[in-house]
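Same chain, two forms, each on its own as structure tokens: structure 1, then structure 2.
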Structure 1
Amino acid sequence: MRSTPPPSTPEDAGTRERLLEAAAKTIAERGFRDATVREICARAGANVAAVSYHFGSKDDLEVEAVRWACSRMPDAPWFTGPPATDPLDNLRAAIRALAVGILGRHEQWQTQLMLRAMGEPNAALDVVVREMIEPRVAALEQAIAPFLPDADARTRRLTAISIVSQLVYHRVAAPVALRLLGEREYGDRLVDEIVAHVVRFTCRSLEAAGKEPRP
């Protein structure tokens, strides 16, 4: 991936930021294959040559646009703060932190961009997995570890993915899930209810694996 030098002037920085936003939103609407450099530049109010100047290629612009979008999504401080002393409190905090990132209030284009990245796998998806998803799954694995002391790394990874998948369903199938629950949106009350359910479900699964955590 091309290493882009920092913009040399405030005007350059402004153009680069507009290109990132325009690319992220255009890809969200049209997909990676159908979003053209010309359309992105028109949306950003920039010359077509600006993509080559700031990013080197359309592929590199796509990667940086997804990275830019990821940096603007909600997150929880648990991922960078010290873990709780009690393993069960730490597990609860981990699941809640994931819920904030997955079910927190996103603009529609942010959700659509992530769906585009998963539906059209390319280097941009590698960035999402490596820089956004992998660190959070690894942190969740650490929270799981006290309940699965004899499990190997593969089992911990599969367990973490199972937990994450319970939350991801509510994001990728939100219209279906909301109708099934008789809800209109993922407000704070519903997110709290989902977190509590996932914690209970996870505890029962871990208990079946040989431990006895209680929610």
Structure 2
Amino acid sequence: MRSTPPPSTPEDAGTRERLLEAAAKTIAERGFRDATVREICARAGANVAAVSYHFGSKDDLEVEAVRWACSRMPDAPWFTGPPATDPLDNLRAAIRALAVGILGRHEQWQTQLMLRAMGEPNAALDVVVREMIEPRVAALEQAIAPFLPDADARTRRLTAISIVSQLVYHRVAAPVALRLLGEREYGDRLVDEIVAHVVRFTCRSLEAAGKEPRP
């Protein structure tokens, strides 16, 4: 009989922590739906009953795993605060860093987990938006701001979404995008090509906006 359901002490470092890591990585790889409790537990070296015991249910485990993943998400260098150089170089660096995080396949499972949560709305989505997406969008808006000095916050946000969407598309619609481009996978060469295009396409629009007369 269990009186205190979860110990909830962070310095557990035992089965509970292993389950969080296994769940976060498995969900990042396969999605919440296809990540089975049995696979997560096998990965964590735990019994299937451990999920119920430590977290109550698979849904609760996901929320905790996403929270755990957010807490140890490494801050991107462009995001913590790059030195104030040329605005164009600054925007280029921001887009490139975003693209590497989203399209790069260097086992950035935190980013993959973030992208997984975007499609399927559930309890973990709020955590992802608040702790991972919102800050990065805000930082991207700062990189945009010099080009749109007279624009309101709404326009800056829509512009940030336009930039992010061009990169996210190649993740969420990868099979279609690859066929449209006649490619087989997102190798370094293709990612570089996409980044170069998005930078060109975006910077042209923003520079033109800066040169336009006030509305």
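For the two forms, the rigid core is made up of the largest set of C-alpha atoms that agree within 1.5 Å on superposition. Predicted model, so just to flag it, every value in this text is computed and none were measured. All residue numbers here follow the sequence of structure 1, with the first residue given the number 1.
Would you check which of the pair is the form predicted together with a further copy of the same chain? Structure 2 is the matching one, since it is the form predicted together with a further copy of the same chain.
CA of residue 152, rigid core aligned, shift of 2 Å or more between the two structures: No: residue 152 shifts by under 2 Å between the two structures.
Cα displacement of residue 57 between the two structures reaching 2 Å, rigid core superposed: Passes the 2 Å threshold, so yes.
At a 2 Å cut-off on C-alpha positions, does residue 141 qualify as shifted between the two structures after fitting the rigid core? No; residue 141 is a residue whose C-alpha shifts by less than 2 Å between the two structures when the cores are overlaid.
After superposing on the rigid core, what is the C-alpha displacement of residue 39 between the two structures, in Å? Here the C-alpha difference is 8.0 Å.
Residue 29: how far does its C-alpha move between the two structures, core aligned, in angstrom? With the cores aligned, its C-alpha sits 8.5 Å away.
Report, to one decimal in Å, how far the Cα of residue 119 moves between the two structures once the rigid core is superposed. C-alpha shift for residue 119: 3.7 Å.
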